[in-house]
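Just the one chain here, the form predicted alone, laid out as C-alpha cells.
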C-alpha cells in the first residue's frame, strides 16, 4: 500500500509544514503520497497542525483545541519558516483534501489527540469531513498514536484503512494493530535494526519509517524490507534512490 517515499508534513524542509504550499512542494518533488497532521478545533473543525499549540509554526499563540477554526485559518503559518512564505495560512482539512485532489496526491492523515481529549469526537469529525470532501477513488490512510481514535474511525467507516503509529517497536503496538486490522505500522526510524524489522516483514507487516532525511539510512531501511520512508526532503531521497 505505502509507496517508497512519503512527503512528511508536505515537504517540511522546503516549505512550511502542514500547509497547502507544502503539499504543492511535495508534488513538485515527485511525491505521490503526503503525510499531514490534523487536530480538532474548539468548534469541531479540523485544521492541519502537528503541535497542540499554534505557537511554533505560526505568528500567533494558543491551544488548537481552544481556538475556533476561523481564528486559526487567519493565522500566518509561513513567516516563521521564511520571509518569502509570509501570509501562508493554516489550512482546514477540507482545503488540504481539495488541494490533494488537484495535485493527484494520496494522503496519510494523522489524527492528533491530546491527553484528555475525546478521541471519539476527533474521529467523528474526521470521518464526517472525509465523507464531505473526499472525492478520489482511493481513500486516504488514517493514522494515529491514539488507538481509541483509530477504533472509532474503523467503527464509523470500516472501508477506511488505518495505520498504527508508534515511536518504537518496543512499545505496545501489536495488540491494537491486530485488533484494528491495520494496513501498516509507522515506526520511528532511529531504533530500527535489521534484526527487529526482518521478522515483521516476514509476517507480512507493512512498515513505514519516520522521519528519514539521510539517503544512506533510507537505502538501508528499504533494503531490510521497510515499505515506505517518511521524509522532509522527499525529492532528494528519491534522487538518491
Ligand code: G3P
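Positions refer to the first chain, counted from 1. Here the structure is a predicted model, which is why all the values come from computation and not from measurement.
The same protein has a further form, the form predicted in complex with the named molecule, not shown here; the description that follows concerns it.
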Query raised in the report: Is there any non-hydrogen atom of residue 145 lying within 4.5 Å of the named molecule in the model of the complex?
Result: yes
Can you tell me if residue 141 lies within 4.5 angstroms of the named molecule in the model of the complex, counting non-hydrogen atoms only?
no
4.5 Å heavy atom contact, residue 173 to the named molecule in the model of the complex: no
Practice problem: Classify residue 210 as contacting or not contacting the named molecule in the model of the complex by the rule of any non-hydrogen atom within 4.5 angstroms, answering yes or no. | Solution: yes
None of 165, 119, 162, 75 but one has a heavy atom within 4.5 Å of the named molecule in the model of the complex; the exception is 165
Note: exactly one of 65, 28, 32, 50 sits with a heavy atom within 4.5 Å of the named molecule in the model of the complex, namely 50
Testing 84 to 92, 150 to 158, 106 to 114, 131 to 139 against the named molecule in the model of the complex with a 4.5 Å heavy atom criterion leaves exactly one stretch, namely 106 to 114
Of the residues spanning 4 to 42, the ones with some heavy atom within 4.5 Å of the named molecule in the model of the complex are 8, 9, 35, 37
